[in-house]
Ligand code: IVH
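Consider the single chain below, provided in structure tokens and representing the form predicted alone.
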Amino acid sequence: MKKSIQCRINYLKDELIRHDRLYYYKDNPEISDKEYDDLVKELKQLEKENPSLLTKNSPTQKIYGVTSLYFKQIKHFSPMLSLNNTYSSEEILKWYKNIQKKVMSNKDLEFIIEPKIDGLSVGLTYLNGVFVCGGTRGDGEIGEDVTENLKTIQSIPYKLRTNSPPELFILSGEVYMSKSNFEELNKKLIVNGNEKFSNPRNAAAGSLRQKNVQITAKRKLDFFVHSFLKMNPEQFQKQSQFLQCCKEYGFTIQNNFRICRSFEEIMEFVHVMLEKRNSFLYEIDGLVIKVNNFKFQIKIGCSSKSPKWAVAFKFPAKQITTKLKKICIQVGRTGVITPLAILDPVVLSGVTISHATLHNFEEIRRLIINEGDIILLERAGDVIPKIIKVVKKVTNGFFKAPTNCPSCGDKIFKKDVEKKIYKCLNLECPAQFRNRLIHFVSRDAMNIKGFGKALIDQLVEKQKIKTLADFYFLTENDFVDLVSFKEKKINNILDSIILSKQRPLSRLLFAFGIKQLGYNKSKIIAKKFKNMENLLNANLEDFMKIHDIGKVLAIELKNFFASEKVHYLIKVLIKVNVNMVEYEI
């Protein structure tokens, strides 16, 4: 029983870390905020019931977010905490009553409610009234130094508009992109043959993280202040006073906030904002409810990752009906078979949606869904398209899982009954190989820029790539016959291939696509073993000694590095000077 609980905890940890990277680092989330919070709640409950299994590096003990390797790191003067989410009036009431208990004296208790901007959180530091540095939230303690990019945002003043500026002034807020600027940017991207952003939040995050500051400047980003972090001497007693002072200093603040003194007033404003949400010039995905008085905030306190004196209320997702045209079968790099719904295109929350995940075949059975049915579609968390139910049954029964792999024709096995996983076990399956190649060049792995799926398909078809190592043997001649490949583009790809040879060992380990091995654990293993030679000589016990590496992953690692094919692959990579050492940080 204990072992199964540990396995579930390990799974939840890995999933939460993966989703953190997708949301904060790749700006490409796979699940809604609600679904993410459900995973957090389950993990918290398991850790509460099994305190011996709670570890310091658990996602429940850390602030949401990650930092990337593409910007210098910046340490925040004060931790930038994340907010706990609520989704109902009942959850708000529970939080409200807890606040009342802790404050005791309700006479001076006030709440300030502000719209929750769907953007990217950053912290700004001013010394003697001059903006000196700024960074993304990252993991709350350390973020990405995007100072120069932030200087391009006109709504962030370089100097505070005051004759007597505070010596130290640190605040946080949200970088965002307005709906009109988002639409304008996407039109330009499409005209230039580039991939468009799926929503304003992704556009803002991607634009702020540009290495070329001039690109950031052209993206028309904006900024709203929302939190007070540090000032010396401190002059504010309330959040509302802080916001007014920021306005006087030259910052843009949201005028759509309200001071409330009771739960009834809070809920009244919530309902008003639910009605008004579409009228905003920028996307909001909810409201932030804070205790207004800083003295009470200090008394109420914070957890390791979230203030107890504030909470976010997330707006319900919007829904629409459309037709499920076709169900396609996808084969992942590890052989996992997943269904994908192809839909009649429909606009939901300002985004055109033409497909949605069906998760697994048990979900299809549960929904009793088939091709041709009219379905209710929800943009969960205002981000991820999700099929809620069938509203009109057009075809009988539900779509059956295939018995053979659509890529190689081999028999499909139900590998894991509990997790409802179907797999193709053929390691030579073309679809698996294609996805391993895509993973190898991806940003978190070897980050070889320019290799889209279409290019990889062409190179595989022409037999220019037969193994992972073949990327390093490509020459200019291998690209000349391909469509839309000019000399400059080819040279950029070849330069990126050369640059990728210097990636640390941890990135190479992740790029190999070893089963059960995620990005974070790749770093842990690389830091422990330091170089490839040590990994090749390691036994099962060596892997199992590593903290957070369970037996299942240890066996996968041992089997992987014991493989003759892997030995040959590594030998070839060494021959072409791919780095095999983990850098000291």
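Since this is a predicted model, take the numbers as computed values, not measurements. Residue positions are given as counts along the sequence shown, with the first one as 1.
The discussion below concerns the form predicted in complex with the named molecule, not included here.
For the named molecule in the predicted bound form, the listed stretch (489 to 497, 448 to 456, 77 to 85, 159 to 167) containing residues with heavy atoms inside 4.5 Å is 77 to 85. The three residues R137, E174 and P307 all sit with a heavy atom within 4.5 Å of the named molecule in the predicted bound form. Remark: I266 does not count among the residues lining the named molecule in the predicted bound form, judged by a heavy atom distance of 4.5 Å or less. Although the partner is absent here, D373 sits far enough away that none of its heavy atoms falls within 4.5 Å of the named molecule in the predicted bound form. Put simply, V288 is close to the named molecule in the predicted bound form: some heavy atom of it is within 4.5 Å. Interface membership of D222, defined by any non-hydrogen atom within 4.5 Å of the named molecule in the predicted bound form, is ruled out. The contact with the named molecule in the predicted bound form, taken as any heavy atom within 4.5 Å, belongs to E114 out of E114, D478, E378, D145. For the candidate set T125, N181, S227, T152, a heavy atom within 4.5 Å of the named molecule in the predicted bound form is found for exactly one residue, namely S227.
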